[in-house]
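Next up is one chain by itself, shown in structure tokens, the form predicted alone.
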Amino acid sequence: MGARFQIATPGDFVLSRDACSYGYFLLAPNHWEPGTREFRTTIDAGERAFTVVVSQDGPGGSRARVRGRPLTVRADVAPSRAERDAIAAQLARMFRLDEDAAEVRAFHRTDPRWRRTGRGRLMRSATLFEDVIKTVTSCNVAWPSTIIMNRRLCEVAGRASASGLHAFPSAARLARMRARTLRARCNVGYRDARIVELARLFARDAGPRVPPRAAARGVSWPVRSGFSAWLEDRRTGDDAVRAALLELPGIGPYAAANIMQLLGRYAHLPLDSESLRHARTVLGYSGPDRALMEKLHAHYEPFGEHRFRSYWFELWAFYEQRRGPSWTWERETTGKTFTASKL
């Protein structure tokens, strides 16, 4: 027998807009249903996995005037109190419910272009570890391959729910996998050993050793324990977080910047080939790639600590101009072709 419970949201939160705000809403184990405006995912709560369907109803059960209304969560089987808390915490992280409406208003004061639409939150994963692996699987590869890798990681290594759907694998589960098994069954290619090494670090909750060059600058982080919490702690400085991320296997400057925005540190820009396309086709810049990168950094400099949000919502507006509002995208059709190279 299933169960139903509710999660409070900030006063500006709209599920369809804020869940469908970043490409990870299209990656397994996530599924958005445009017809019903419901979000489905499967969450590993520790000992069991639960497939949950999340909706947001307005007055009288309508899907209109939903802003700030609570989320209704329907689980395929009844969770214990501890499991329900784990589900709620992971959903809150995914939808960034910890960012209150005042933070979004601060972004709108910095960049008023997004005030009317209310855009401000960016969907992310249920856990930091999942964000890291999804970043690794999105580097140096076309988007359809990223979709396949994440689907296979769930199917091969994720815990199954009573509904037969699979959660994203925990660090502990991936840490027990062999690299060659991941390469053969999950299509991860050269990322195989890096994913296993990352999983072992996160399973131990122990970061990489502090390199001498970082120590010489007075940068340090917990090596033996508490690494994940330290990364997610807003009191930890950006420079220290970036230095620590760059010591992780398979994490270069682009991946580090992307993980930082997923941590809510929006001052950093993960620029790639999509950024260069944006510079030419939307911003009207010209010149070699290096010069374009410099122009992009200068363009977003005035947005300060909100640089990434301003950049991303410009990109997202371009995609939506071509394919309609993201909450109308079917995962198996538009969801596979929303990057610029496929439009």
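Just count from 1 along the sequence shown to find any residue number. This one's a predicted model, so the numbers in the text were calculated from it and none came from an experiment.
Separately, the form predicted together with the DNA exists; it is not shown, and the next lines address it.
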{"item": "Interface segment, criterion being heavy atoms within 4.5 Å of the DNA in the predicted bound form, picked from 165-173, 248-256, 84-92, 199-207", "value": "248-256"}
{"item": "Ser80: touches the DNA in the predicted bound form, heavy atom cutoff 4.5 angstroms", "value": "no"}
{"item": "Partner proximity in the predicted bound form: Asp100 to the DNA, non-hydrogen atom cutoff 4.5 Å", "value": "no"}
{"item": "Partner proximity in the predicted bound form: Ser273 to the DNA, non-hydrogen atom cutoff 4.5 Å", "value": "yes"}
{"item": "Partner contact for Val141 in the predicted bound form: the DNA, 4.5 angstroms, heavy atom", "value": "yes"}
{"item": "Of Arg242, Arg119, Arg265, Arg194, the one that lies within 4.5 Å of the DNA in the predicted bound form (heavy atoms)", "value": "Arg194"}
{"item": "Contact assignment for the DNA in the predicted bound form, among Thr72, Gln261, Asn187, Thr127, heavy atom within 4.5 Å", "value": "Asn187"}
{"item": "Site test, Ser145, Ile148 and Arg290 vs the DNA in the predicted bound form, non-hydrogen atom cutoff 4.5 Å", "value": "yes"}
